[in-house]
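A single chain, nothing else alongside it, follows as structure tokens in the form predicted alone.
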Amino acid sequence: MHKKVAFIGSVGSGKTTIINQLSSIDTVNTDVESSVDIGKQFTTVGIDYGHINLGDDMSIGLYGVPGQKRFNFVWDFVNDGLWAVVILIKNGDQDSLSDMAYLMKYFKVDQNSTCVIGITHAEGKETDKFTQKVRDLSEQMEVNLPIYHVDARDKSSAMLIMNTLIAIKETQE
């Protein structure tokens, strides 16, 4: 059985990086040089893809979507038939927080969804104030989601997200 996990979030939140850490295969990377100033040189314009095997009968596809809303037509290809969603938010970034609300609506994240929020770019700079803003926004949207500080470059940190999704699914079944 193949399961589909979407990695969503603002530009530069770590979607491509975390998929690279989690995947057991070489990933499909759709980064290109950005034609507009987005705060970084390269940006995702298609669907990044990675894969995890969980045994003979189960695998997880890791789908990373562009963070720029102008590429939201790509999101629809990933949004259908999702098993779980990972929302990545850049620590301390108000735009990333605003994108969270938009993305939760677009991907129809509700209390019945299997979803985890990962706050990235926080290594040693975690702030209870920003984490509380993320928690408050989640509650405003009437969703109580696990929230972690994750380093998208670190496999064990990335695995915390995947293990949490699996644990949530097990409790829902």
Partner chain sequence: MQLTVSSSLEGRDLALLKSVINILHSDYAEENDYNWFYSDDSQHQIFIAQDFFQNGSEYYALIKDQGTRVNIGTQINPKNLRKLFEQLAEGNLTESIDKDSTAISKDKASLLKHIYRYMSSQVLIKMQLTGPSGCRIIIDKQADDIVSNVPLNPSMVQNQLFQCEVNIGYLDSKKEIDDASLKFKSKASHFLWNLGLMQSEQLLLNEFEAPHVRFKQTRWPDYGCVKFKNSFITMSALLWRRAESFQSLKQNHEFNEQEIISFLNAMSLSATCIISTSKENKVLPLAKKAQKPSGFLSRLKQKLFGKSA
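For the two forms, the rigid core is made up of the largest set of C-alpha atoms that agree within 1.5 Å on superposition. Numbering follows the first chain given and starts at 1. Small disclaimer: the values here were computed from a predicted structure and weren't measured.
If you look for the form predicted in complex with its partner chain, you will not find it shown, but the lines that follow are about it.
For the marked spot (N112, N144 and T164), a heavy atom within 4.5 Å of its partner chain in the model of the complex is present in each of the three residues. Taking non-hydrogen atoms only, Y106 never approaches its partner chain to within 4.5 angstroms in the model of the complex. Its partner chain in the model of the complex comes within 4.5 Å of a heavy atom belonging to I52. For the chain shown alone, K69 is not a contact residue for its partner chain in the model of the complex, no non-hydrogen atom being within 4.5 angstroms. Under a 4.5 angstroms non-hydrogen atom cutoff, its partner chain in the model of the complex lacks D26 among its neighbouring residues. Contact residues in stretch 61-76 (any heavy atom within 4.5 Å of its partner chain, taken in the model of the complex) are absent; none meets the cut-off. After superposition on the rigid core, displacement of the C-alpha of L54 between the shown form and the other one amounts to 2 Å or more.
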